[in-house]
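Coming up is one lone chain in structure tokens, specifically the form predicted on its own.
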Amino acid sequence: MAASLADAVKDVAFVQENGPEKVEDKIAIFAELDRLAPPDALLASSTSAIVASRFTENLPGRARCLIGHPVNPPHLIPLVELCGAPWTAPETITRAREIYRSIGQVPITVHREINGFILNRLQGALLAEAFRLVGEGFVSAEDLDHTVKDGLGLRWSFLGPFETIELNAPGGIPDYCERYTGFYKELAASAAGPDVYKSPNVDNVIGAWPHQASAERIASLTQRRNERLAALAAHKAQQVATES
């Protein structure tokens, strides 16, 4: 363990910052990182919601700063979202992609800043609908979870949404759009709004969940999640090796 931040970033090529999710803290931390790290070192933040332009604008080395948002738990889920500020140099993103790939991660590039980046926006859309469906009594909380983990989740562990719809119509994505987007337009027109996270709906969701949170339950579920993710990662790696 380094005795100081200066020691920690001495002679490094890449910095992954994992500080508090507060803009003021990011500004202070990145000011120090920019001052202390070698001038050619990349400075990446693990923030899941704060875009880089909010805490790098006034830095002399702002062109080397970016978001490198991993997914929890990062040692078992390889995705990393890369997003620069308007002043982030293109070569910063290129180098970051190479570094993350070299350690077995799967980097994706967010081409311009957007609140929540990509993964959390997708997760947020599903979560809002889940809160509505359970909160308004259409389905139990446990059956909602079964719908994802024993339904959509199985498919999504190997196929993305566009690959999925490509397989769901004989003519691929154009055919799918012709057949089904009318239905999805109806759903989008009545999408769940922010009220699903307010009372009384959130109280209904909490009341619908039949389990009480405890240290023992969280620890047990975390261990099970990590074991299953490790097994799935090994299975996917084996499939890739077989296919290649």
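Don't overthink the numbering: it's just position in the shown sequence, from 1. Small disclaimer: the values here were computed from a predicted structure and weren't measured.
The next section is about a form of this same protein that is not shown, the form predicted in complex with another copy of the chain.
For the marked spot (Leu5, Asn18 and Trp87), a heavy atom within 4.5 Å of another copy of the chain in the model of the complex is absent from each of the three residues.
In the model of the complex, at least one heavy atom of Arg155 sits within 4.5 Å of a heavy atom of another copy of the chain.
Put simply, Asn115 is close to another copy of the chain in the model of the complex: some heavy atom of it is within 4.5 Å.
Although the partner is absent from this view, Ala231 contacts another copy of the chain in the model of the complex, with a non-hydrogen atom inside 4.5 angstroms. Although the partner is absent from this view, Arg225 contacts another copy of the chain in the model of the complex, with a non-hydrogen atom inside 4.5 angstroms. The stretch that touches another copy of the chain in the model of the complex, counting heavy atoms within 4.5 Å, is 178 to 186, out of 25 to 33, 178 to 186, 55 to 63, 38 to 46.
Contact annotation for 193 to 214: residues with any non-hydrogen atom within 4.5 angstroms of another copy of the chain in the model of the complex are Gly193, Pro194, Tyr197, Lys198, Val202, Val205, Ile206, Trp209, His211, Ala213, listed in sequence order.
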